[in-house]
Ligand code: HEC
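Next up: just one chain, as structure tokens, the form predicted alone.
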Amino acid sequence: MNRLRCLKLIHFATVIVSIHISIAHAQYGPPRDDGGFQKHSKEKVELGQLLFFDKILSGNKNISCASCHHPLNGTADGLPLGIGEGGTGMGPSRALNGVTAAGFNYKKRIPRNAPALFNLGHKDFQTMFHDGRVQINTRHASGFTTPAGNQTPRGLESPLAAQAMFPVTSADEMAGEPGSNPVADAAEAKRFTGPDGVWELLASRIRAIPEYVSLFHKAYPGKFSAVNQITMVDIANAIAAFESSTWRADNSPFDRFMAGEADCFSKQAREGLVLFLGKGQCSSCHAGRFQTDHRFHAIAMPQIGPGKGDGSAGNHDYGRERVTGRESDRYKFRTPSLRNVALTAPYGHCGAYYDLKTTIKHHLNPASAISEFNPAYTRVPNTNTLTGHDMALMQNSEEVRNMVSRSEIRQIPLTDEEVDKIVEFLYCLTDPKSFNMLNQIPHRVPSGLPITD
């Protein structure tokens, strides 16, 4: 009798799992989508790789795209808040003014976490940045909504290419402080186009390097009849080609499981998937092929660091509202993809959490998580390195109470064991080729500038 009952329970559990697996297939669609990724020539990808690692594209020639989005750090920097202009070193050891990145000197911290770049070349990704300030918009002549407005040029091949146009226009990221170089001055004046605009000043540097000119002719055969026709648009398109082709990551155990390889998942990971789709309610936002609905949600993620100038003290970040102007979008941020999420810590728009389990537990009860927020979650050494705003956050300030009141999540009852199972499932979203990306780092760049600090 007991044996029969046990067999019935096992059968019932198997049926439940099978139902949820069927739901996963229906929700996530084909495991791989070759047609969703634009094809690029080898020459264009190699050109984009060199540009991505070349500091020539920063105002003071001291920082590259790779400084904050490096293969050795999961295409990000491993920091809660990045250090751009003025920093030295790579990844978590990057320093500013002699203070290590872990020491949280806020004066020059970039106010948001550097997002990972996996799969962003797929056609499903039509919105870029945490707040979606770059987005496909066919009503605009350029085809995109961007911070440059009508200055946004035509010819950008994808949202990823449009995104690549903007770190170079930020003083804290790549342009430098006003007065330090002409690019920084143009950026301060919001002068992006024209002969003395940010993009033309940088493109002229590239055109002055014969090796780059040769590479552009190979990457864009027949396009340029004169050297001065090479523009920042061509540079951005090449960078996007490199990112899209190199950081495609859709051959994880999950993908193989979806394709019918049942042995790719452990029992705990399968149970985690069931929780992810069901009781945990994770897939209500982390839906679709890349575990994101590409929308914006308010989940009261802790706000650390200098913020974006919002709130009564100017040290909060209103997220999507900064783009749309709608108060209903306050504290909303784009749902991140969960592909390779095990490699892309810290988590949240300002990197408030350093491990997956703590991040998931925040999602279960944001109000409780914020009241119990601990600086150790960001790997900040001690509370003395936090700003007054961060201390107020832990004391449940009025601004934070307002943030919690707008959260779309109230409380989801999961045990620690169930959270562990979801974490096990999330590990299965990692493409094995992403564990070692050393071969993506060039030995040199045409400008002759150092690749590492």
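Computed from a predicted model, the values in this text were never measured in an experiment. Counting begins at 1, following the sequence as shown.
Another form, the form predicted together with the named molecule, is not on view; read the next lines as being about it.
- Contact check for P115, M174 and V341: all three have a heavy atom within 4.5 Å of the named molecule in the predicted complex.
- Proximity of R320 to the named molecule in the predicted complex: non-hydrogen atoms within 4.5 Å are absent; the residue sits far from the partner.
- Using a 4.5 angstroms limit between non-hydrogen atoms, H349 touches the named molecule in the predicted complex.
- In the predicted complex, the named molecule lies within 4.5 Å of some heavy atom of C282.
- Among residues of the shown chain, H122 is not one whose heavy atoms approach the named molecule to within 4.5 Å in the predicted complex.
- When the named molecule is considered in the predicted complex, only one residue from A238, M301, A186, L273 comes within 4.5 Å through any heavy atom, namely M301.
- A single residue from the set L79, L201, L156, A164 has any heavy atom within 4.5 angstroms of the named molecule in the predicted complex; that residue is A164.
- Here the chain stands by itself, but in the predicted complex one stretch of 223 to 231, 178 to 186, 360 to 368, 251 to 259, 360 to 368, has heavy atoms within 4.5 Å of the named molecule.
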